[in-house]
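The form predicted on its own is given below as one chain in structure tokens.
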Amino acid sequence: MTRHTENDDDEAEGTDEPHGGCGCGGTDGTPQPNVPEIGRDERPAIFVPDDGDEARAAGSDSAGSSAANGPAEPTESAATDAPRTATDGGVESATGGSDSTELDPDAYDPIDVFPEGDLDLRDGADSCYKCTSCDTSCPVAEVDDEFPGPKFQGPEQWRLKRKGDHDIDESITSCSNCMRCDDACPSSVPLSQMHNEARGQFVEEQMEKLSVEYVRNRILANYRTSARLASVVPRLSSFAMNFGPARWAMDKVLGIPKERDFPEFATTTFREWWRDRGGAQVENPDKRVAYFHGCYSNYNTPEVGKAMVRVYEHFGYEVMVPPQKCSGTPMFANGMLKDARRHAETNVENLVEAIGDGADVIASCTSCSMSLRQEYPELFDIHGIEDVSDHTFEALEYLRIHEDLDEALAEARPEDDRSFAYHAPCHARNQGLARQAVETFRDVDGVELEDVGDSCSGISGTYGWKSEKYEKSMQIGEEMFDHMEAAEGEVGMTECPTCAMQMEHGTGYEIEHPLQLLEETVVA
């Protein structure tokens, strides 16, 4: 049976048209129980500033022409008909919020001013008691004396930017979005959500759109677009991208460090392989998964996607490969939230359809699963986004939940003894998955898997791909490099493709994904 074998290379970038039919309702289009109806946004995104187009559009729906004319005083009807969306995505009070000089103390009710809501971050900001655990856990603050740290970028900057005349501090662009501060906070302050919102607002309102930095960051954030073009002639692209004079020019003109090697592009992408094999080889309506392969497994390391398919089919799963775009991870890190939102709309629509067909969503990249699980519902309000979040799992995590891997691996062993230096990505730690690979393979004969510690790799997606951050990126990664070289294995292992780049760059080791070892031990 073939499911979702169409190649999404024909998708138009930025299109608003849905992809594929709606699998979430009955034949008459009526939504079925527990299955969301596919739809578009119902509210503006959290990052849209007060005077943004979408905010005005939303305001015009509820407040008429007064809202459409910008941040003018609300009319009586606007104040009484509907709340207004504030910069932080919360709902501003009819009296103008806490910054209003006309606020009547007798009428003040904190619940009215900052009502509970998905986009209101005041509760999170007020939960910060300045213990600085986030600052001491931040790998960027450790090597960059000019970076003020997550506490300032989060709660303190959130309070400052609520004042209308206060700009977002430019240092927000030095946050690598590793999200380790979220893990470190004992008070559950939504630090990464605050960082993403502030970074998006800075890029949208304050960053010069013709600057080299903006153009470079836009290119890095939209890796899928570059990879699609490069994959038309993969061998030539791989050569040209690593050609010495070209690398020198990219460093001087765009600020992309010449020290790094561009990853090679696969001669056959994962989706081409999937199409050529005829799609799924197992049909099982009781065990279905929708594979979110992400950009890197599609264009650069299709062997990871192939391993995922073979392992899941070995356990009797019917694998679906829905049309999809970038998860948005590099766009969040660069404040390109409008780009991320456009990609998220396509992903949510197609993944909701798969969920309606009985599938859970599986990602082989921990940053992709992190994005679908946490960042999407934190930043966007797209119909069905919570369902996607609730049904998303990292690939090894899902098998550990639903299959007896200990039994499957009891008699397994690789053809030759293998030793690995394993690095758990920061985004795996955020999802509580730091030990899953070590625990899965610790009792397998012929396999040695040594955890190289909890340090950050330093590359953090696109952070280490910027010339001004390159040295800091390598400084952050030094501890991991040292531990890898001290480990017995001379092959690295991780679930994150950019961590894999950094591991290879810092040590020269070949890097594998846990799914590849699982394929070797269970399927082969």
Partner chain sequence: MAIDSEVLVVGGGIAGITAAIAAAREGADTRLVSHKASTLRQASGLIDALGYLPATEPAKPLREGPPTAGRNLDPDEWPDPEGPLADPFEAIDRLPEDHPYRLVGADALREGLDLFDDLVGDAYLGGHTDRNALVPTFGGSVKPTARYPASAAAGLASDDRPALIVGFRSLTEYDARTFADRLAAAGVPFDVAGAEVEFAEAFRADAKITRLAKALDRDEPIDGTPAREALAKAVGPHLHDVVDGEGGVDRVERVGFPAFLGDDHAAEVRAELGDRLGADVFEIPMGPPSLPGLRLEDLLYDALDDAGVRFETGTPAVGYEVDGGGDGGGGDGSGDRIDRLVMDRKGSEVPYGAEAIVLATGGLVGKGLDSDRDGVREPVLDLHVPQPADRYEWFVDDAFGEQPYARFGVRPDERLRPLDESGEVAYGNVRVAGAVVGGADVAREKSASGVSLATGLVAGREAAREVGQ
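What you see is a predicted model, and the numbers here were worked out from it, not measured in a lab. Numbering follows the first chain given and starts at 1.
The protein also exists as the form predicted in complex with its partner chain; that form is not presented, and the subsequent description refers to it.
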Examine residue 148 and determine whether its closest non-hydrogen atom to its partner chain in the predicted complex is within 4.5 angstroms.
-> yes
Considering only heavy atoms, tell me if residue 218 and its partner chain come within 4.5 Å of each other in the predicted complex.
-> no
Is residue 393 one of the residues lying within 4.5 Å of its partner chain in the predicted complex, judged by heavy atom distances?
-> yes
4.5 Å heavy atom contact, residue 339 to its partner chain in the predicted complex = no
Which of 141, 363, 295, 311 has a heavy atom within 4.5 Å of its partner chain in the predicted complex?
-> 141
Contacting member of 444, 230, 125, 433, with respect to its partner chain in the predicted complex [4.5 Å, heavy atom] = 433
Out of 218-226, 268-276, 180-188, 295-303, where are the residues with a heavy atom within 4.5 Å of its partner chain in the predicted complex?
-> 180-188
Within 4.5 Å of its partner chain in the predicted complex, all of 205, 381 and 383 (non-hydrogen atom) = no
Even though the chain is shown alone, can you say which residues of 128-145 have a heavy atom within 4.5 Å of its partner chain in the predicted complex?
-> 129, 131, 132, 133, 135, 136, 137, 141, 142, 143, 144, 145
